[in-house]
Every structure is written in C-alpha cells, then in structure tokens.
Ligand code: GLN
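Taking the form predicted on its own, here's one chain by itself in structure tokens.
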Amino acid sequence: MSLTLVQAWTSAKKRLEAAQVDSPVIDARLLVEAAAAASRTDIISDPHRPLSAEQAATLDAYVGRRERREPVSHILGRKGFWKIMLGVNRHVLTPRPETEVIVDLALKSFPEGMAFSMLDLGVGSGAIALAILAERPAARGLGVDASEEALAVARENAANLGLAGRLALLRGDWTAGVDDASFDLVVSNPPYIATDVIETLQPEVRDHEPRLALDGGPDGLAPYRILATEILRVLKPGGVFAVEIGYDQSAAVEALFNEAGGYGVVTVKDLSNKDRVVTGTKNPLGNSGTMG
C-alpha cells in the first residue's frame, strides 16, 4: 500500500522528533514537499495523495540524512533568504533570517531609484549582496571571499537571479587591493565565533558549515580588528557600513569602529531582540575636511 502525503509527513516528523532535531514539523514538511514534488497546499488539500515508490525512497533518504543532522538546506540544495531563493552547499554558510537585519538597514539607507556601489566582504552564497541588488536596480556590487568554492556558489546564484551583470566577484583577503573611498555601502557577515566555542555548537553547524565562515579566532573578534579600519578606508565619505556580530559582541565591535573613525556607530537588534548588527557611517566631511 502506497504512502500518502499526510502519512509521509507524520512518519518523517516522528523520525525527526526521535532524532531530537530542533524543528521536526517544519523540516518534515519541507522534505516531503521536495521528495513528492508537492506544495504545502497539496499536503493540506490533498493529504491522501499517494507517493510513488521512487518518491517514498527519496523521502526515506532525505529523512535519514536529516536524522544524521545534515541541514535541510544542504539536503535540498537551497534556502530562502529575504525575498530570494539561493543555492547552498557545504562550502557556504546557510543564510539565516537574523542576517536579514543587514538587508533591511541597507534598503532603508538607499532609496529604490538611487545608484550606489556596495562591497560585501565574505560574500559566501551571495545572500546579502543579492538580496539588496534584487531590490535596488540602480545599484552595483562587489563580493569578496577567500573561498573559491564559495564564490562558485555566489556566481551561480547571481546568474540564476539575473544579477550576474551587477555583482562582480573576487577571490581575496578582505579588502586587499580595494581602493580608498570606493564604496557607498559596505556589508559583512564575518566569522565571529570563538574557536573553542565551535565544538559546542549544534551538529548542523559544527559538522556541516564551513569552518572558515565560523571561526573568529580565540575571542571571536579577530576579523573585526581588521575590518573596522579597512571598512572605513574603502567607504566613501558619508558611506554606510553594517556588519553582523555575535549576541555578546556589541560593545567590543562598536569600540573598534569608533576607534577606526566610525560616525554614529550603533547596534541594531534582530527580531529575537538580540544584538545583531553594528552599523554607522564614515564622517561625511572625510579626513580632509571637504565634502565627498
């Protein structure tokens, strides 16, 4: 007897609950939808629709991978972020809703018709840069990453979203080779987890996310010590920066940006009311005392 959509969902949910997965209901639904080529509406409106033997086997394999704590985004090869869908794999950090705070700040800073240049440091899958470019048709961006594999993911995402012509991608070490006062907006979600904390993280992150995108050095602040000065260097006078931080890093990161010459440096909280993004501008008078 064939497995129906509702039976498949119930069975998958029970297996994931037993494996102590964090969100078994949602994850089970996503896996059923993908394996059975079904929508959320199908599961509700046609719950007794049978799965083919091939679909049932695919679902069984998907659930098995999730039981072993592989992220759903890696199993399905995609993840929604802001208003776009991105391809993801083990070479990039899975985009998280908390990071959308950076996108929100950027869109509020630059009106829709405005032309501006953006730099995304540690571009990964391209999530932040592509989400902004998708809503700001006059903007152009440069994404830099140390990982060639990550850049390949970002390149494919840009192409799939029709944005390849407006996002240049460069393999590099943060701002190396970038000219002074080049960008109106600089964004970054750098590695900010202290090295010895990584082993305590959920297996989905610890075992499946790229270590390069997680490890912020002994205290988690190593990237910011470089970025604060460098971001202020490459920003145009009056330009805006926004960097993601760990929940307990606000004071330290604000201090680094203030010391580097940041202007109006503040921390913005995410929807969970946790400190999430440090943002500010470069003094519009610049270092020379003239308008830029």
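Don't overthink the numbering: it's just position in the shown sequence, from 1. Source: prediction; values computed, not measured.
Unshown form predicted in complex with glutamine; subsequent notes refer to it.
For F183, no non-hydrogen atom is located within 4.5 Å of glutamine in the model of the complex, even though that partner is not displayed. The shortest heavy atom separation between E254 and glutamine in the model of the complex exceeds 4.5 Å. In the model of the complex, glutamine stays beyond 4.5 Å of every heavy atom belonging to L105. Under a 4.5 angstroms non-hydrogen atom cutoff, glutamine in the model of the complex lacks A152 among its neighbouring residues.
Across the options 111-119, 188-196, 159-167, 80-88, residues that bring heavy atoms within 4.5 Å of glutamine in the model of the complex belong to 188-196. Proximity to glutamine in the model of the complex, defined as a heavy atom within 4.5 Å, singles out one entry of A139, A131, V144, L93, which is L93. Only one of V101, I75, L214, L221 comes within 4.5 Å of glutamine in the model of the complex through a heavy atom, and that residue is L214. Within 4.5 angstroms of glutamine in the model of the complex, the stretch 241-255 places a non-hydrogen atom from E244 alone.
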